[in-house]
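As structure tokens, one chain now follows by itself in the form predicted alone.
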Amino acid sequence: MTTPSMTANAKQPLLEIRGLQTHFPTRRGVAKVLDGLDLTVGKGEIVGLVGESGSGKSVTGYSVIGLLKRPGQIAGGQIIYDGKDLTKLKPKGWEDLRGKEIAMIFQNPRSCLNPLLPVGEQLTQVLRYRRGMTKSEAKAEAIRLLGTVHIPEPERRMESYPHQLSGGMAQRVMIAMAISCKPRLLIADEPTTGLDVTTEHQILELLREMRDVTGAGVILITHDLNMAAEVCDRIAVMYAGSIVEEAPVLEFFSQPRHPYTLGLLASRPRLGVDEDIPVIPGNVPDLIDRPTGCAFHPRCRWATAACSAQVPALVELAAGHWVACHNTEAVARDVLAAN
């Protein structure tokens, strides 16, 4: 069976997720947070992973980097990184890979920084442990890295504690730490949460700059489609633990074909629009007691009997544009008529 993972990149992709299932056992039953996820990331490509809260975006990132919180566990599928299946790794293998090959930028940078140590000391510790540098080499490299992420007066900032940094500055430090070991895959999980618009734009520009300089592949996890439009090459929409639509960024916004994608696009805030923002009716599904058939059908105005009976396959409608929906033709007609 042909999948987006096979065709999105002509060459072997850097990361290829195939049918990934990540489950969380609970007293009430098993929550299937990821339920057959397929996703690919090429070298030097920024892929946006978008969707509502609870769709499984962050769990995807934690699964890829091996930082799932208990009782979460990978129950099936593969995570192929550079030709190797990461689901087969032992704990030591994850430790060797994490940071050096795959790095992650987390939502709340201050929660990931040690409040008792200056940021320079934290960064030099990483460099000495991961790259085997001497103390003087690590200090020089840390100063260089802080300058690379556009922190002014990097030598002075080496002495700053996390609480002395603004949110944007703390995020820059986290990016410096993430790229310190020159990873080939960078996962950015809502990297601009809580930042003002100007700082948000600067962080996004920094991510793009890091990609251009290092050639790393990037997964940008976000609920903000405007942000994804600004920086991503390709966008994949998650719903209830699987991809429902994936397309190159321009085609994604100009020719959406999944009802859920249409709902997300309609609910974007727009400058100069005073009307109420439309919302997608209903709620995300219960991942323990999932709907039959298409997980989105209880909220979908195009739903038919087939939608509740059968899970739609992810089908390629055009080159690189994949959609999992039984009614793409009806959706396309209605979208065309509305425009």
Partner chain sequence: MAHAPNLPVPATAQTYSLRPPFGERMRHGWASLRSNPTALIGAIIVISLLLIAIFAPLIAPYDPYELNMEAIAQPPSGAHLFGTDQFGRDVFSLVVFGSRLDLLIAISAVIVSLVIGTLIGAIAAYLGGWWDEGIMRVMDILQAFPRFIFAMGIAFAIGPGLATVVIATSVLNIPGYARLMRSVMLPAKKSQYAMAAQSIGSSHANVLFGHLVPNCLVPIFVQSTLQFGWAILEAAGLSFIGLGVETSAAEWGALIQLGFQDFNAGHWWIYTFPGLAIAVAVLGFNLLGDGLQDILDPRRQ
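Residue numbers count along the first chain shown, from 1. Everything numeric in this text was worked out from a predicted model, so none of it was measured.
Form predicted in complex with the partner chain: not shown, discussed below.
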Please pick, from Ile65, Val33, Cys300, Cys307, the one residue with any non-hydrogen atom lying within 4.5 angstroms of the partner chain in the predicted complex.
-> Ile65
Note: exactly one of Ala75, Met133, Ala140, Cys112 sits with a heavy atom within 4.5 Å of the partner chain in the predicted complex, namely Cys112
With the partner left out here, if you bring back the partner chain in the predicted complex, are Phe24, Gly42 and Lys84 all within 4.5 Å of it by some heavy atom?
-> no
Since the chain is shown here on its own, which stretch among 287 to 295, 65 to 73, 33 to 41, 307 to 315 would lie within 4.5 Å of the partner chain in the predicted complex, judged by heavy atoms?
-> 65 to 73
Any of the heavy atoms of Arg157 lying within 4.5 Å of the partner chain in the predicted complex?
-> yes
Does the partner chain come within 4.5 Å of any heavy atom of Val213 in the predicted complex?
-> no
Classify Ile243 as contacting or not contacting the partner chain in the predicted complex by the rule of any non-hydrogen atom within 4.5 angstroms, answering yes or no.
-> no
Are any of the heavy atoms in Glu209 no more than 4.5 Å from a heavy atom of the partner chain in the predicted complex?
-> no
In sequence order, which positions of 102 to 116 have a non-hydrogen atom within 4.5 Å of the partner chain in the predicted complex?
-> Ile102, Ala103, Met104, Phe106, Gln107, Asn108, Ser111, Cys112, Leu113, Asn114, Pro115, Leu116
